[in-house]
Ligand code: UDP
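Take a look at this one chain, the form predicted on its own, written out in C-alpha cells.
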Amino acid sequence: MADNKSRVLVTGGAGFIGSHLCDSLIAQGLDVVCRDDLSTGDRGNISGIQGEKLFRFDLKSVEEFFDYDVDYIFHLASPASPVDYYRMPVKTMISNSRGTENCLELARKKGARMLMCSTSEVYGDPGISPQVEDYYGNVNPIGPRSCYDEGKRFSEALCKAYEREYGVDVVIVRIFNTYGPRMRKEDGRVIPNFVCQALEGKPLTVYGDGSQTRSFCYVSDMVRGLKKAMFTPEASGEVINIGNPREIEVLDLAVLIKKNTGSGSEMSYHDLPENDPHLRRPDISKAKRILGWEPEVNLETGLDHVIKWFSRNGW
C-alpha cells in the first residue's frame, strides 16, 4: 500500500517502540517526520537516523497544533509506563485526548490513514483470558492507572467518532507488553526492572506473590505488526490486538532472568499495586486472519538481546 513516495508522521517517534518504527520506515525508503517532546523519549534513540535525508525530527508536543503533508499517521505519543503516567497523569490524558484529536484532524484534512496505538490496558483487570477485541474490559475509571487506561479508551472512542462522522480511515491497534533494546532502566516495567536488578546483583522486585501473568512481544515483532496494520487495506476500521500469546507468570520470568544473567539476586516481595491486572494475554486471531501476522521471536531469544543491550550500556 505504501510506496517510496509516501510521507509518514510518527508521534512519539523518539520513544522505545516509536524509534524502532522510525528505523524500519526509513529502511523501507519512506519519508518520515518524527514529532516528540522528549518528555519520555530520548534523542539518542533516533541518533542512528538523524542524518538521513528522509528523516526529520520535530521537537514539539503532540498537544500543540501541527500541520504536515503526510499520507500516514502513526500516533504513539503518550507516557506509557506506570512510572511515567503516575508522574504525569494530566499530560497522559491530554496526549490521549487533545493529541489524538490533533492527529485525527490532520488525517481528516489530508485524507491520510491513521493508526492509533492503544493498549491492552483498556481491558483493565480482565475477567476473561485470553483477551479478545470485543471484550469491553474491567477498568477502574478513577483509580491511579485511570489516566492511562481511560485516556486510551477515550482515544479509541474519538477515533471511532471521527470515522463515523467524517469518514476518517483509522486502524486501532491494542499493544500488549513489548520489550527490547532502548527500554529505559527506570522504565518501571517488569523486564527492565528484573534485568537491571539482576545485572547489579540487587533483589528482584516481585509484586504480590508473582502469580500474575504477562505476555511479552519483542519489539521487532511489534513494529512488523504495526506496519502490517497500517499498510494492509483490509485493516481499515478494525481494532486489532498485537502481542505475543505466550503467557508466563511474573515469578517464573524473574527466575528465567536470574538464570540467563547468572545472577545471585534474591526475590524481594512487595504489595501488589492498586488495580494491577492479574491476567494479560492477547487473542491474536484477528491479527493472524487480517494481517497474516504473528510473533516470531521467542522470549528466551528476546531476553538474550535485552540482557546484552543493558550490559553494553553499563548496567
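From a predicted model like this one, the values you see are computed outputs, not experimental measurements. Position 1 is the first residue in the sequence shown; the rest follow in order.
Unshown form predicted in complex with uridine-5'-diphosphate; subsequent notes refer to it.
- Comment: 200 to 208 is the region of 132 to 140, 200 to 208, 158 to 166, 220 to 228 lying near uridine-5'-diphosphate in the predicted complex, near meaning a non-hydrogen atom within 4.5 Å.
- When uridine-5'-diphosphate is considered in the predicted complex, only one residue from S146, Q212, T232, S97 comes within 4.5 Å through any heavy atom, namely Q212.
- Scanning G48, G262, G29, P273 against uridine-5'-diphosphate in the predicted complex with a 4.5 Å heavy atom cut-off leaves one residue, P273.
- Interface membership of I175, defined by any non-hydrogen atom within 4.5 Å of uridine-5'-diphosphate in the predicted complex, is ruled out.
- Interface membership of P181, defined by any non-hydrogen atom within 4.5 Å of uridine-5'-diphosphate in the predicted complex, is ruled out.
- E150 falls outside the set of residues with a heavy atom inside 4.5 Å of uridine-5'-diphosphate in the predicted complex.
- Using a 4.5 angstroms limit between non-hydrogen atoms, N241 is distant from uridine-5'-diphosphate in the predicted complex.
- Residues R189, V190, N193, F194 are the members of 189 to 203 with a non-hydrogen atom no more than 4.5 angstroms from uridine-5'-diphosphate in the predicted complex.
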